[in-house]
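What follows is one chain in structure tokens, specifically the form predicted alone.
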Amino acid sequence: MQQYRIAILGSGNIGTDLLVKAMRSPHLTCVAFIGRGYTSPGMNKARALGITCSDQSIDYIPEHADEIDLVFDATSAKDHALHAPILKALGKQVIDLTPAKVGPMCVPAVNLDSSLGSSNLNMVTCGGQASIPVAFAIGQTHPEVDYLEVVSSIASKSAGPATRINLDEYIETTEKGLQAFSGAKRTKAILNLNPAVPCIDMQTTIFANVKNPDIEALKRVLDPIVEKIKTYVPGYKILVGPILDGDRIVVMVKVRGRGDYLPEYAGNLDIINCAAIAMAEQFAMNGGN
């Protein structure tokens, strides 16, 4: 099979971890690792791996458009809003790892097939990738979801500069994703940065106020979804639930990273990267469609 040629835009932690994951994939080959300077740890890692690097940011891509099939944008929400029209004009397939919400939201375990027709996929947020599959299952089994709240706790060390810059966009995008996939009337997303040492693994708790809660029906829908997630995020695990707390459904999820470039406790970054790689591989296997 001819490998799908990818470029990674953004040389921070997410972009560098994506590079390592892409290099392990039998379907993807990284033809460019792109940032704004050659001195970052990510650039040093990419050069050590023999990858073509550039410090020209988005300007590199129009000059090399014929060499690239898909662009991962691992910059920031503000930057992606500027990059998106350029990449669209070039006809490039894009997977957006920022909370920019330019394209339709994608959670592979839930809507992989329907996402293949989009030229710019938004991977929501790390909290969205962890919680939306549960929220979707709740919505599928409970026609009236009054309120859905998601609380994610991550290690402070796993929240780099781009994550911190995008906190407002993270909250807004996660809440919109939860509402879109669950049908909940109201949603709320909370992100806690925990400075504990040793660093904690990512944990996400989903609370849902529903009418006539049915735990058994929820399990029948949720269990197969969790198995799908584990095919691309092996460290995804239901820690608690689904259980009932009064008329409120509670599910707690833990995500342990693969430890490719980032530490294993950085499951929050690992899950969104694994989801993005899963989608890129699907594009590759479908011949780019």
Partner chain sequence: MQKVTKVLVSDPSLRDGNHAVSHQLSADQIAKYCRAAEKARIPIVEVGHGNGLGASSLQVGLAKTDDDVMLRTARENLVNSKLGIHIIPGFGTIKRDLERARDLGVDVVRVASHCSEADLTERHIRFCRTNGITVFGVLMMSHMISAQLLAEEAKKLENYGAEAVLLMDSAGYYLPSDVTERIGALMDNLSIPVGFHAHNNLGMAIANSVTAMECGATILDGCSRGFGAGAGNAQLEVLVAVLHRMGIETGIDLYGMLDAADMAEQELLKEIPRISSLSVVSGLAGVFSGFSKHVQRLSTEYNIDPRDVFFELGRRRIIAGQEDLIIEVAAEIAASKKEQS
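Numbering follows the first chain given and starts at 1. From a predicted model like this one, the values you see are computed outputs, not experimental measurements.
One more form of this protein, predicted in complex with the partner chain, exists but is not displayed; see below.
A.B. asks: Consider the chain as shown here, without its partner, and state which of Ala217, Leu112, Leu193, Ala81 has a heavy atom within 4.5 Å of the partner chain in the predicted complex.
C.D. replies: Of the listed residues, the single hit is Leu193.
A.B. asks: Using a 4.5 Å cut on heavy atoms, which of Ser156, Gln140, Gln179, Ser119 is close to the partner chain in the predicted complex?
C.D. replies: The residue in contact is Ser156.
A.B. asks: Only one of 87 to 95, 125 to 133, 104 to 112, 181 to 189 gets a heavy atom within 4.5 Å of the partner chain in the predicted complex; which is it?
C.D. replies: The contacting stretch is 181 to 189.
A.B. asks: With the partner left out here, check for me: in the predicted complex, does some heavy atom of Glu144 sit within 4.5 Å of the partner chain?
C.D. replies: Glu144: no, not in contact with the partner chain in the predicted complex.
A.B. asks: Could you confirm whether Met252 comes within 4.5 Å of the partner chain in the predicted complex, counting heavy atoms only?
C.D. replies: Because a heavy atom of Met252 falls inside 4.5 Å of the partner chain in the predicted complex, the answer is yes.
A.B. asks: Is there any non-hydrogen atom of Glu63 lying within 4.5 Å of the partner chain in the predicted complex?
C.D. replies: The answer is no: Glu63 has no heavy atom within 4.5 Å of the partner chain.
A.B. asks: Is there a heavy atom of Ala100 lying 4.5 Å or less from a heavy atom of the partner chain in the predicted complex?
C.D. replies: No, Ala100 is distant from the partner.
A.B. asks: Using heavy atoms only and a 4.5 Å cut-off, decide whether all three of Gln203, Phe207 and Asp245 touch the partner chain in the predicted complex.
C.D. replies: The answer is yes: all three residues contact the partner (heavy atom, 4.5 Å cut-off).
A.B. asks: Going through 171 to 189 from first to last, which residues have a non-hydrogen atom within 4.5 Å of the partner chain in the predicted complex?
C.D. replies: Those in contact are Ile171, Glu172, Glu175, Lys188, Ala189.
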